[in-house]
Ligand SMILES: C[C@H]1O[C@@H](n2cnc3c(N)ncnc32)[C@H](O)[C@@H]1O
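Only one chain is included here, represented as structure tokens and corresponding to the form predicted on its own.
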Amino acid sequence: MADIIIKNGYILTMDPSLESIKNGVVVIEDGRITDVCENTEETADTVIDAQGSVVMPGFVNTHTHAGMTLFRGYADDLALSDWLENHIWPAEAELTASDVYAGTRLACLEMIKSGTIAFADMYFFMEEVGKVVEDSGLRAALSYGMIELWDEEKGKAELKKGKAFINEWDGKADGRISAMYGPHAPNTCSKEFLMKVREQATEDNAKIHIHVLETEAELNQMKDQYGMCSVNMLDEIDFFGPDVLAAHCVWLSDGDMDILRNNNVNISHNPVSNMKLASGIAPVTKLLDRGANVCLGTDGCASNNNLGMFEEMKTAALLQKVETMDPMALPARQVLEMATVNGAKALDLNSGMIRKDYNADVIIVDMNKAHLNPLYDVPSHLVYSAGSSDVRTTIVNGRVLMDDYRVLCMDEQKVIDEGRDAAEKLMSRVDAKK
């Protein structure tokens, strides 16, 4: 007997070897998909009727700062330097472990409700993030954000913290959590420190999560400091490889794109954050044309202001169309791949497709809504018409985290109340320091 059978749904497999099934069945057992077909004789403990819905792989959000959910809507519409120096950094200085715990719980609740099954997170107090992920049922690739600022002693301490986090958390939660090294960025970490991180990551067989060329200011700083941009500097020290997740990658030359592709670097595109902070437009179509693995991320709530991947997909597609002045650029199917298949590849997850023997990381999207009818093309509707609130069911590792809009893995109202309370107390401390 199977654990779960999902029936009567439109199965959007995202599997190039298996076409979508208009009225199909997905069978789940022991955290894995055991069959994808039109009919089955199997029985199950739980049967989900997905009539009028799309059954698809859940989203993989490849760049977040979950604890920053407490900063949602705080200090919006400001210049980047003002936003960081006068608002975000002073507020982060007051963060406590319990704040990050409350903020991450709120983030995980939002992701479960909006169809995200895994995320890559870099921040502080990452042990708290690990605890939340373990309890929530989600998957995550977690990294302690290391900022060395050309201080050798600080660098030693940061690398020690990063390694300790990996030793404690990699493989936790029955393998749902992986741990990565998280050097913040080439303009906040010295070349020497980044070389040490690369060496340590190779020794520990750990992946690396890093911001790369998010802003023109970083590009100019690197050219002044090294006579070359971030990508060339990192390439010079043999930093890149398929185990690197590079967030943003906005200010890339054609040569930079070739370097990233030739080294099989995973690139996390964060269009909403890049637009909100006026960072620029990443050359996504050029990267994809080169065969690079480009996935999607939301960044933190301070610069988005939500963690919804539907909005991120639509924005990514529209932004490339207007940037290239080509309405055929980044079509719906391709951006769906970025949000599922490519994200799973970046985090080395056996997810991202509805396919036999893949992880049972599945979402069900309710298409019986006014804004989703009539329905001519499913991928198009998911990218251009659907939204986070259309997700009715979220399943991770074969566990139902949300069933028919009801969250089962946490007390939704309690999480919201505690997040609001933590934010209010945090801002009171921030105000007291002004």
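Source: prediction; values computed, not measured. Numbering starts at 1 and follows the sequence shown.
The following text describes the form predicted together with the ligand, which does not appear among the structures shown.
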| property | result |
| --- | --- |
| Open or blocked: the ligand superposed from its pose in the predicted complex, cut-off 2.4 Å to backbone or C-beta | open |
| Interface residue in the predicted complex among Lys314, Arg139, His211, Lys207, criterion: non-hydrogen atom within 4.5 angstroms of the ligand | His211 |
| Position in contact with the ligand when the complex is considered in the predicted complex, options Ile88, Leu318, Leu159, Ile259, heavy atoms within 4.5 Å | Ile88 |
| Per-stretch contact check against the ligand in the predicted complex, the hit in 369-377, 29-37, 42-50, 61-69 (non-hydrogen atom, 4.5 angstroms) | 61-69 |
| In the predicted complex, Asn266 touching the ligand (heavy atom, 4.5 Å) | no |
| 4.5 Å heavy atom contact, Glu92 to the ligand in the predicted complex | yes |
| Touches the ligand in the predicted complex: Ile147 (any heavy atom, 4.5 Å) | yes |
| Any non-hydrogen atom of Lys286 within 4.5 angstroms of the ligand in the predicted complex | no |
| Members of 164-198 lying within 4.5 angstroms of the ligand, judged by heavy atom, in the predicted complex | His184 |
